[in-house]
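For reference, the chain that follows is the form predicted alone, supplied as C-alpha cells.
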C-alpha cells in the first residue's frame, strides 16, 4: 500500500487541479498557475540543491532565458506557442550548459558566488541590450495563439496547459530522482570523495544536474511569459533566484514534494499578507523564519518524521 501512496497522492493532486480549473474564478486560476510555475522552477532547482548539494544563486538567469527566448521567438520568428516554449527551454539549456561548465569546477561557497556572478551578468545584458530585450521595459505583446488547434487565449483555457506541464515536470523529476542517475547525485551530495573513488565523474554528473535544473527553470520562464504576456528584466535578478531556495527550505529540502508544498505556502502567504499591510516583506520574512527554524526539515520533512514516530509508536503498542 505504501508503495502506491505517492501515485495516489499525485492522482488526487491532478484531480484537485482539474476541479479548480473547472469551477474556480479567474483570480484563483491565476494564483494556482503562479503556484504551479513556481513549483516547476523549484522542483528543477531542488534536483540541484536537495539532491546534488549545490547551492545556486543564479538560476533566475535560466528562468529569464526561457522567458526571453519564448518572447523573442514569438515576436520575430513564429507565434506558435509550443515552438516558443521549446525555444525558451532550448535557450535556457544552452545558457545553463555554458555557465555550468565553469561553475561545477568549484563547490560550496565558490560555486554559489560564481552562479551569482554569472546571474548578474545575464541581468546586466538583458538590461543594456535594449534593441533586443527592450531594456528595463522588457518585451510586451506576447499572445496565446491556438495550440494544436485548441484555443488557449483565455486564462481558463491556458490553465490546463500549465497543469499539463506541471504534471509532466512532477513525473520527470520523480523518475530522475528514483533512477540510477538520481541515486548517483544523492551519493555525490553525501560524500563526493567516495563517489570519485568509485570512478564516478563528479563534474559530469554535477553539470548534468545543473543543465536539467536550468531546463525546468526555462520551462517555468516560458510559461510565465505567456501567462503575463511580457518578459520582465527583473526575472533575471538574483532576488528571483532566492525564491526556489526559500520554497525548498519551507517545504523540505530533502523531500520530493517539498518544493510543491513550499510553493503553495509561499504564494498564498504572500498574497494574504499583501492585502493587510504595506510592510508585507517584513511580515512574510518573519513568518518564513518561524517556519524554517521551527520545522527544521521543512513542512514535509517534519510531517514525514512525525508520521514515522507515530508509526513506530503504533507498532510498539500493537506488539505489546
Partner chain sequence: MLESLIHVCLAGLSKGMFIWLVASGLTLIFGVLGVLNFAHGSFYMLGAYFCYTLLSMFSDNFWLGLALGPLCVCAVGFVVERFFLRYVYHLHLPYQLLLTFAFVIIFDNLVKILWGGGSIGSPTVTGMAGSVSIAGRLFPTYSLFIMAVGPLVALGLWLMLEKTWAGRIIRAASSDREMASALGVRVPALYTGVFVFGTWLGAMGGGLAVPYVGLLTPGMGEGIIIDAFVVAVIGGLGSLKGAFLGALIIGLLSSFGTRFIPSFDMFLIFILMAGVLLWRPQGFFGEAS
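Numbering follows the first chain given and starts at 1. Values in this document were obtained by computation on a predicted structure and should not be read as measured data.
What follows is about the form predicted together with its partner chain, which we do not show.
Per-stretch contact check against its partner chain in the model of the complex, the hit in 108 to 116, 83 to 91, 69 to 77, 154 to 162 (non-hydrogen atom, 4.5 angstroms): Every other range fails; the passing one is 108 to 116.
Contact residue in the model of the complex, chosen from 167, 97, 147, 125 - any heavy atom within 4.5 Å of its partner chain: In short, 125.
Residue 55: touches its partner chain in the model of the complex, heavy atom cutoff 4.5 angstroms: Yes, residue 55 lies within 4.5 Å of its partner chain in the model of the complex.
In the model of the complex, residue 249 touching its partner chain (heavy atom, 4.5 Å): Residue 249: contacts its partner chain in the model of the complex.
Its partner chain contact in the model of the complex: residue 254, any heavy atom under 4.5 Å: Flag for residue 254 set to yes.
Residue 242: touches its partner chain in the model of the complex, heavy atom cutoff 4.5 angstroms: Result yes; residue 242 sits at the interface with its partner chain in the model of the complex.
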